[in-house]
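Single chain ahead, by itself, as structure tokens, in the form predicted alone.
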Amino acid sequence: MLQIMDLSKSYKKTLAVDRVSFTVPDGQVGILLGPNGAGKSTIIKSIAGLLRYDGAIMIQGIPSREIAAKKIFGYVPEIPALFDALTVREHIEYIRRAYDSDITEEEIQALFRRFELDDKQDKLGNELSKGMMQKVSICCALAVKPKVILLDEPMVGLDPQAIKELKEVVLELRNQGITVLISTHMLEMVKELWDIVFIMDKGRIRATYTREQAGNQDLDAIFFGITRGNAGEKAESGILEPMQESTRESAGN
């Protein structure tokens, strides 16, 4: 479970995130949506431990800053950051040792085959294309064997086969009871994956929906109804109202 509680972050006098709270339960895929400047990137970086913030972030009930939480948390950044002088294989080995992961050699090779990296294991980080770097980043996050995983625009730069594999991986993780949070603008890419969606605008969560509440409405309609339409326009278009607090609490249980 991933819990965000009263998260706030200011840059000098600018309040980027204003007391945001949301929960992604075990075995569910959450989607974080928001237009540019909504505060989404700030939340992602806070969860990943890259920013100081006010409030609390819990990973499986453990404060996210604690080592025990970091060891069960996987992160795929929007822009892959690999070591220039390490090979693809050495990146996985580095993660395995750093996180004391029990991933086996067979599992490592299966990841490489799945993301078409088996013949790239000796390539250095600075020799890889953007798409290949993204694949390595995904494999590194999976090598942690996380209980909670955060993917920031994970499908950008991937070829169609890799996108297909990543979608299947996300569904497998969900079936294993792992918590998944995806931040993306590519709504079509996640339409069959999500269980709960959080829509941000101007530093706050404006609406939260479960798939059951959304019914036949697609993410595009929900997202643009909240971020562009006023209350009257949403009523006329049939856009759902945000979840009530009682419903949110039950979604987090």
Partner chain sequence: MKALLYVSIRSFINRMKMRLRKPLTYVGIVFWVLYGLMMLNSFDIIFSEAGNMTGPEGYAVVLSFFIVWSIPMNLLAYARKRGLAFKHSDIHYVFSAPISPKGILLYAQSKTLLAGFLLNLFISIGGVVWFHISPVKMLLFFLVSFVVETIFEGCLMLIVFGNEFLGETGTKVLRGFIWACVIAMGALLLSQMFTKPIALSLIRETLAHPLMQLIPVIGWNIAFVRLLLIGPNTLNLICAGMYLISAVAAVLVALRMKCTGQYFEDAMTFADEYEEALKRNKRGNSMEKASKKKKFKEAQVKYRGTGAKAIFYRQLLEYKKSRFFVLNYLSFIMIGISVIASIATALGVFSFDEMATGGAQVFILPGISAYITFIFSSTATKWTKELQNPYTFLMPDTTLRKMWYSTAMEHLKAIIDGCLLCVPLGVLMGLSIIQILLCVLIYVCLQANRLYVGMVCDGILAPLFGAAMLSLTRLLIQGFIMTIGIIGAVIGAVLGGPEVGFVVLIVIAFIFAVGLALLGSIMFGRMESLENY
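Numbering follows the first chain given and starts at 1. Since this is a predicted model, take the numbers as computed values, not measurements.
Unshown form predicted together with the partner chain; subsequent notes refer to it.
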| item | value |
| --- | --- |
| Candidate spot 49, 80 and 86, all three touching the partner chain in the predicted bound form (heavy atom, 4.5 Å) | yes |
| Heavy atom contact within 4.5 Å of the partner chain in the predicted bound form, the stretch among 210 to 218, 197 to 205, 59 to 67, 27 to 35 | 59 to 67 |
| One residue of 124, 156, 171, 110 in contact with the partner chain, assessed in the predicted bound form (non-hydrogen atom, 4.5 angstroms) | 124 |
| Interface membership of residue 164, the partner chain in the predicted bound form, 4.5 Å heavy atom rule | no |
| Distance check, residue 140 to the partner chain in the predicted bound form, heavy atom within 4.5 Å | yes |
| Interface membership of residue 115, the partner chain in the predicted bound form, 4.5 Å heavy atom rule | no |
| Residue contact check: residue 103 to the partner chain in the predicted bound form, 4.5 Å heavy atom | no |
| Contact set, 6 to 32 vs the partner chain in the predicted bound form - heavy atom within 4.5 angstroms | 9, 11 |
